[in-house]
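Have a look below at one chain only, the form predicted on its own, in structure tokens format.
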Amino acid sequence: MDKQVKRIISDIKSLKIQGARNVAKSAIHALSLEAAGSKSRTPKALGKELSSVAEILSESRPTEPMMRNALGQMMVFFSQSASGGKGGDIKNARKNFAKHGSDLIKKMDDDAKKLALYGAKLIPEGALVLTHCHSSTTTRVLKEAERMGKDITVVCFETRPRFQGRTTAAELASAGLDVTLVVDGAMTLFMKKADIVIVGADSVTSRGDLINKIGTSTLAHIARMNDVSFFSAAELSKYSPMTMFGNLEKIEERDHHEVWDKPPRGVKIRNPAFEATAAKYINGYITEAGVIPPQSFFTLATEKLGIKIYE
């Protein structure tokens, strides 16, 4: 395996690379690097090699369907392309594969721009916006709202134990937004004055449930109790196809040392990184296709991903 690919996998595992879209783009880049540096002499051998690396990348973060979908699209392209078939030229196979990866990343960026515009329009003038964890998709929405002159104020929850909220606060502050960082336990206090809640998404199930950073469900429940609209900024490629067949999205549980490095003897530590928020607590998903109800996510996502429900 290419050394750069190994480093990318390590960075994804250790959360040096964060955010579902950033992880997916890094995985595409890693697979392209593997193809470029491969010593395989035939497209068939290269395909086998890439399939193995794609599987390792997919397992680097369990709760990342956007990455899995992107890697799946890459492998389908390779197997179906003329140069990636049983015969074909290995040089063209690498070239076409790299171009497809670049095209896929560009499409992701274009989708993110559309999503940001729809989300920014949704935010009221002078709104107090609450957000949780770090989502490059969500920060793009908030920065677009600021660019529109909506004069918003943002409150970020710090998101323990990895404090990804600090990353959000720093990014928004550098973009000139009025931003405040508070502890997770202050959700109810700040919700009483909030106008809207916008969070990111790691995964969306076939029922429209949201899988996102731990603490998201609490925030959604508190929003509902205070009649504050709760939205998730989620590209349609964050849909998890396996949930259509009754499988549950795997919830990653991280090292307990993130919570307490040296706990007293007898104290058990649990560190689930994600949780599910039921669709009934979500007012809508902000997507590249527009702002849609949770019940519509499945239909639009399967269409975009080319998933055939019936044969």
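Numbering starts at 1 and follows the sequence shown. Please read all numbers here as calculations on a predicted model, not as lab measurements.
Note that the form predicted together with ligand RUB isn't included here; everything after this is about it.
Contact with ligand RUB in the model of the complex holds for none of T205, A278 and S296, as no heavy atom of theirs lies within 4.5 Å. Note that among 195 to 203, 219 to 227, 146 to 154, 97 to 105, the stretch whose heavy atoms approach ligand RUB to within 4.5 Å in the model of the complex is 195 to 203. A single residue from the set C133, V141, L236, A93 has any heavy atom within 4.5 angstroms of ligand RUB in the model of the complex; that residue is C133. Mapping the unseen interface onto this chain, Y285 falls outside it, with no heavy atom inside 4.5 Å of ligand RUB in the model of the complex. Interface membership of R68, defined by any non-hydrogen atom within 4.5 Å of ligand RUB in the model of the complex, is ruled out. The shortest heavy atom separation between Q73 and ligand RUB in the model of the complex exceeds 4.5 Å. Contact annotation for L15: at least one heavy atom lies within 4.5 Å of ligand RUB in the model of the complex. In this stretch, 255 to 274, the one residue having a heavy atom within 4.5 Å of ligand RUB in the model of the complex is F274; the partner itself is omitted from this view.
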